[in-house]
Ligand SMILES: Cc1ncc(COP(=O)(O)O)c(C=O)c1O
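Just one chain follows, in the form predicted on its own, and it is written as structure tokens.
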């Protein structure tokens, strides 16, 4: 029987009647853009994150772009970003005319190094975007010592918690993605910015909708990036299951950790209570392990194969020295992780990994 790496189809099947009803409700209501369903979801999700306001936008990348502009980052400014993350984090910086400055990451928890944020800060640095990579909270209290505005990239961290609070609640603002593979997702693109700063919230609302408070009267140069009513309706249904789904992910992650702790595998250090968006191991035998797991019908992915500072798209921003990110990118392997993964499948993953290292040793 085939095993799924993630649960996109299975999530819909488990809630199809409720989701279909929610979609029909929007379609029959006749309000499709910036209506009551979006407003309700914005309020619900902001409260869940421990913030005052939610601003629904078109994608997680747009949430980062709008968040940067709302906190005052301008063309030519520098923004610190981790070298190990999805390209969208740095693309959002470049898209508004600012300059991403790549910072190395920890070999243990894979998140941005607070001490290097201090080292790479200059007079032109106007913000830091820490990423809660794979759902594991970044060290925001230590990062805050750099004295710069923090925009959290919480795209993978819906429901993750740290000793400073829930992911999304610490920075001036936080960006979330609802891409289909995320722990809380819709069936298309969608995102949200959350904040407890009234000015940032107001500016973000203007920026997502042509800079308008009233139709056809733009106060500032905004854009078209709005979470629509259909996606909000789907998200409200899925949102009711988020904590349960996260509990299941955590239970699977705990089984993996218990099974692998004596193997020559690196496991992401726990800095808080992750939502276990991904379960990532590291090994110098990554490619061999991946090939063996494929033979065992165990699907895997690589998050991420190339650090940002080595990608052609960011060549204009100059060289950066991030040896930890480079090493991790050569060793990371993501194992199956989703809320509908069967215990038998978890057992097969564990057995297959153990069998590989038995043969290897």
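Positions refer to the first chain, counted from 1. Just so it is clear, the structure is predicted and the values come from calculations on it, not from any experiment.
From this point on, the text means the form predicted in complex with the named molecule, which you will not see here.
Segments offered: 243-251, 177-185, 96-104, 203-211. Contacting the named molecule in the predicted bound form at heavy atom distances within 4.5 Å is 177-185. This chain is displayed alone, yet in the predicted bound form one of 268, 89, 283, 160 has a heavy atom within 4.5 Å of the named molecule; that residue is 89. Checking 79, 235, 155, 194 for any heavy atom within 4.5 Å of the named molecule in the predicted bound form turns up a single hit: 155. The closest non-hydrogen atom of residue 41 lies beyond 4.5 Å of the named molecule in the predicted bound form. Put simply, residue 85 is close to the named molecule in the predicted bound form: some heavy atom of it is within 4.5 Å. When contacts are judged by a 4.5 Å heavy atom cut-off, residue 51 does not count as touching the named molecule in the predicted bound form. Contact annotation for residue 190: at least one heavy atom lies within 4.5 Å of the named molecule in the predicted bound form. The partner is not shown here, but in the predicted bound form the stretch 52-87 reaches within 4.5 angstroms of the named molecule through a heavy atom at 59, 60, 61, 64, 85, 86.
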